[in-house]
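Only one chain is shown below, in structure tokens, and it's the form predicted on its own.
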């Protein structure tokens, strides 16, 4: 008698298999279409599918397929040349169903008004950011991530602004705003000011990074709380992740925010009517735009919703760190020049100087091997984890996501153990010129990378400069080599990521143990690779193809023979 011989067990197993193969929650597409049509919208659907490079264990998905539903409210007083978007992302569960209900209620209310000068798109996406990316690519007729989706049957005008809504309950105690987008992009500051204005007008409690706004800036508690909020924003922006559906709109020059309703134990309680009034006020103000938001800042840091730090105040900090690299490179160049002059005129004897052979020059030939090996290690770190995941799962008892992470760590550690010291063609009269020339190249390479990163994502550039610049300036094959090696390891890109995770949870007042921090670190590695291949996040290629090879050059300088 086997397991399937019993009909009761057979039916139970069939139900179990059916439950495992079917999603626990699916978007009610037909119901949404009927409801949107009943309020007078033009309703369209879009199907999409995406095969991830490896299984996403965080969201438990690999072969993703879904349907987006959107309705268009045509402007009665203007042609369809401009539009606004209200979007609700839905995941694998129904935690955002309250936001869908509020979206439908706002659509019915907006339909009865006659003052709209812009089309309004009410968008409900499936599978969170994947559905949003599929809709945006189809709307703008591009394909930058390899998403397979059906073309859109209905379009409105050029999107001027967008608001993403996430509600976990029909009662909220505060509205938290997320501004960090893909690769550290930020919306125009005027959109954030508009949100804060209507929250204050409606009496809504608004938060930033989940933190209440400081009330008293004259005491010590106010600036400390503002510093905590600012550090949280720096860490979230440096990650390069889109912290909400709005983050993908920013790629297409659409100013967007994500509003999250928080239901905590605070004494302030608001229903969805108050949230709806704030959203209606924002859309009415955006409806009056004559041109895109461009007057205010796009580059800023926020210690609070009512205060900001502009680029003119924080950019000099990164500039001074890069100045250290420039001065150190200038010092090395002068030392190399003095050493070359000393070789050309030994003992100061008069007479014509004899030209040195190539092996007696600056030592550029000795730099080829470490430069090529370091860049090859970076290329292997970028390519091999995803390509070799299936081979790893065949020979080791690991899943695909675990194979990707373990391959990353193995290649990263192998870069430290490889014999980069293949340079043997150095001057016997000036043996220090080889490592000095290599460090000069590495300093210039690092300064160029950090400068470019700081211009696009200041938080990431400043965080990397704060950790890497001191160790890079001190690295040399003389002196306390063990101390320099420990400093280099502690300021490597991987160690910076691990330390940032601990700092982030500490600022959130949810500290981690060492084991929990390590597990979060492994999950962050997998998510970083996955988001690069899925959404085009640039943190992973920047670290693997740029900063990691550059860091290996300083490691090579430290162990120069």
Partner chain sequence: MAAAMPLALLVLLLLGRKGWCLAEPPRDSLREELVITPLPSGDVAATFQFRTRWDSELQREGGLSVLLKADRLFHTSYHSQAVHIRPVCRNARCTSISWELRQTLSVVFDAFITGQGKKDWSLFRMFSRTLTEPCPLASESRVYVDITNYNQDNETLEVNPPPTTTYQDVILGTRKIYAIYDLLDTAMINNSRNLNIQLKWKRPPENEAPPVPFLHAQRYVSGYGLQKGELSTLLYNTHPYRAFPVLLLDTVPWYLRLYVHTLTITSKGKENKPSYIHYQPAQDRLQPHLLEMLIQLPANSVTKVSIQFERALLKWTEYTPDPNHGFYVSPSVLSALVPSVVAAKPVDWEESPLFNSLFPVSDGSNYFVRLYTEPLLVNLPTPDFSMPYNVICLTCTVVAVCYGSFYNLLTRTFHIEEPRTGGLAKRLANLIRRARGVPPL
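Please read all numbers here as calculations on a predicted model, not as lab measurements. Positions refer to the first chain, counted from 1.
Missing here is the form predicted in complex with the partner chain; even so, the following discussion is about that form.
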Q) Since the chain is shown here on its own, which stretch among 168-176, 187-195, 68-76, 321-329 would lie within 4.5 Å of the partner chain in the model of the complex, judged by heavy atoms? A) 68-76
(Q) Which residue, 333, 252, 308, 314, is the contact with the partner chain in the model of the complex, using a 4.5 Å heavy atom cutoff? (A) 252
Q | Contacting member of 338, 271, 221, 141, with respect to the partner chain in the model of the complex [4.5 Å, heavy atom] | A | 141
Q) Looking at the partner-bound form in the model of the complex, is residue 291 within 4.5 Å of the partner chain by any heavy atom? A) yes
Q. Does any heavy atom of residue 114 come within 4.5 Å of a heavy atom of the partner chain in the model of the complex?
A. yes
(Q) Just checking whether residue 285 would be counted as a contact of the partner chain in the model of the complex - the rule being heavy atoms within 4.5 angstroms. (A) no
Q: Look up in the model of the complex whether residue 146 has a non-hydrogen atom within 4.5 angstroms of the partner chain, and give yes or no.
A: no
Q. Judged by heavy atoms and a 4.5 Å cut-off, are 59, 128 and 262 together in contact with the partner chain in the model of the complex?
A. no
